[in-house]
Structures are given as C-alpha cells and as structure tokens.
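Consider the single chain below, provided in structure tokens and representing the form predicted on its own.
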C-alpha cells in the first residue's frame, strides 16, 4: 500500500500522496474510491484506534491527480487502465468511507462479487467455445469426413460439452448460495473462481486447436479474406487474465488451503511450532490426541460406502457417493501431510495446491449432479441430456482427481525445489546464452527498485 492519506490539523480533510498501478477505468472515471494508509495518532474521542488502511471517495478532476500512463495488455483491450499519481490531493473528511482503518474490510466485501463474476464470464466463454467448435467440426472436412467425426477432435468436443455444463453448474450453485444470504461464501466463491478460470482457459485453448490456423488468425484477418470473423485467439487472450486477477491461481490455492490447514494447526498447537520445547510439544500431543481420537474415526466411514445412498439422483448417485468418499479421503490426506511436515505444511505449496484442486473437482462434480437433477425435475426432456452431460463430466473429473491423489505423494517437488534454488543462484545462466535480449530500455524490473547490474546482466552485456 504505497498511497498515504495525512489528516489536516483540524481534521476537516486528508492529503493524499502516492501512485496507483493498474487503476482499471481510473483513466476515464469521474469518481474513484481510493485506498490509502492513514498514520496512527493513538485513540480517537471514543477510544478507538486511529489510522490504518482507509477508503476515500475522490473526485477524479481534483487538483493533483495525474494519469501518467495508459497501460496496454495482452488481452482485455476494451478496458481503460493506467498509472495514476496523487500529489497533495485534498479530500474532505466527509468523503471518507467508514472509519479510519476500515478500508481493507470494505475492499474485501467486494471480493465475493468479483470472484463470482469470473465464473459467470467463464461459463459464457465456454458456451461460445462449444458453439463455434460444434459448428466448425461439422463444416470442416478432412480425409473425407467432418473433423468432428475423427476421434482426436471428438475427444475435445466431449471435453468442451461436459466442461461447459460443469462451468455453468459451478457458477449457478455458487451464485445461488450467495443469493440465499449465506453469511460466508468465501470458500465457495474462491473455489468457483479458481476452478472456472483454469477450465474455461482450457476450453478456449481447445477451440483454437480445433480451428487450427483459423483459430490462431485474428477475426479481422479472417473477415478481410471473406471468411467468418471468429475471434478465437482474442478469447484465449482475454481469458488468460482470469487466472491472475481477483486473486491468482497460486493465491487461491493458499487462501483455500489455509482454511483446511487452520483446523490442524489449532489442534496441534505447539506441535506445529518450530520453537516449542519438548515439554511443550508433549503437552500439545496429549491435547491433539483427544481431538484426533474423535475426528479421525469420522473420516473412515460415511454415506459414500452405502450403495443405497443418494439413490434419489438415479444414475448420478454413484458420483455423489464417490464425492463423499473422496472428501473423507482428502481430509485424511491433509492430516497425513500435517503429521509429516507439522508447522512446515503451510510452506508445502505444491502439496496444498493439489489438495485444493481435488476439492475443486469434487465441488464441480457435486454441482453438476445437483444441477442435472434440478433440470430433470423441471424439464424431463432437457433433464435426460443434462444427466448425460453430468455423467460425462464426472467420469472425466474423476480421472483428474485420481491423478492428483497419486501426485500428492509421488512427485518431483523436492528435486524441483533444489533445481529452482540453483537456477536462482545463477548456476544455469549458461543455458540462456545465444539469445538476443529484445526488451527495450535500461530501467529496473520494478519501478521502485534500486537498479544495479547483476552477474546475469553483466554476462548479457559481454555477449552483446
């Protein structure tokens, strides 16, 4: 947080100073909400802490606001985005949103909405990808048959159809939970955002592959040649950002994993501490044993082992039993990870990422089964198709789940970590020889960093 807001002596206004990067629509907005840090001044007249991250409503034409740069991106070229500088911008105290220090809370309340908008866009993008892929696969002929009749393309079409149904199911379920007034849908929204952003990008990638050269060619170029202007490559570029903003995939993994790990960290107490004494660890072990003595048996048996459970879902019942069984297995695997790494578990990001990805796939299977059953009850004809799509998705997803479970304990994480450390230490700089550095300018990698030639940069100068 590099923007500061200093209150005036009489408390009637604040003076904002700082620079904001990636201010979406900030370069054209008439009104902006600015988060800035107010310095602490002890307690206010009601005994509450002052200072902290605070939100302000600011008129964009206020003196001292300058748009220094309009950013350009790989995709999303229809939005305005830039670098905005605030220099001695005076903002009335009446323009403060909430109390001082409530800015972060205000910002976080918008996260669920933002994170649910991405699954909505993802579902729409997948629907469009499916439509274009189906039409093209029927129209394009290769070796005497429409390309969709060739198994290599047919597999992609099956993936697109099943995943499109799942993307819509995940969004509809998550949105319904939010609309129902659930107090906390953070995890559902985060899972939906994480899974949808990854899967919709795969759908767009498969569309480009099915379209071949025409998928890589721009819509403008296709139209100029007299062909249908299909912006497949634009979709791929536009969807790529969803894996980064509103919380990157890596951050989503850690955020969701933390919810799973926190229960174990709380139960373990000093067992998870790297500084606790043997005596403290002994006491913690006694307390933890009581918790796990009650908790672990619950993870061994459940409805998933009963062949009669979920039978109201007909042919999809087997998938819901699978979700129930694998959810318990997932909890056990998380416990095993806690036992193996204890307090260091939170640093095993690859392991935790797989744990979360398994949970996301199980969430998607459950959403599919739920939506298919709802459609069957509302429209039997459409419901039959929905049941087939849900069954296909569950079968595909289960293969991904099994692979992820296997990778929990059979992987290259340790050797990859060692290789990464050696790479960052410069041991493999020789591998980069023979290239021409096409990046322009001599500025630092990060604007506020102190530039200085590294061994890597000196080597580049030598070879240039």
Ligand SMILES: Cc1cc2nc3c(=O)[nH]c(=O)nc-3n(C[C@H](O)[C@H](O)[C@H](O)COP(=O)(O)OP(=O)(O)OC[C@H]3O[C@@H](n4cnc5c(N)ncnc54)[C@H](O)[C@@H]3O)c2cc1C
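Residue numbers count along the first chain shown, from 1. Treat the numbers as computed from the prediction; the structure is a model and nothing was measured.
This protein has a second form, the form predicted in complex with the named molecule, left out of what is shown; the following refers to that one.
The stretch that touches the named molecule in the model of the complex, counting heavy atoms within 4.5 Å, is 243 to 251, out of 148 to 156, 206 to 214, 377 to 385, 243 to 251. In summary, among the residues 305, 263, 79, 93, the only one with a non-hydrogen atom within 4.5 Å of the named molecule in the model of the complex is 79. The named molecule in the model of the complex comes within 4.5 Å of no heavy atom belonging to residue 311.
The named molecule in the model of the complex is not approached by residue 341, whose heavy atoms all lie more than 4.5 angstroms from it. Of the heavy atoms in residue 12, none are within 4.5 Å of the named molecule in the model of the complex. Within 4.5 Å of some heavy atom of the named molecule in the model of the complex lies at least one heavy atom of residue 349. Using a 4.5 Å cut-off on any heavy atom, the residues of 12 to 42 that reach the named molecule in the model of the complex are, in sequence order, 22, 23, 24.
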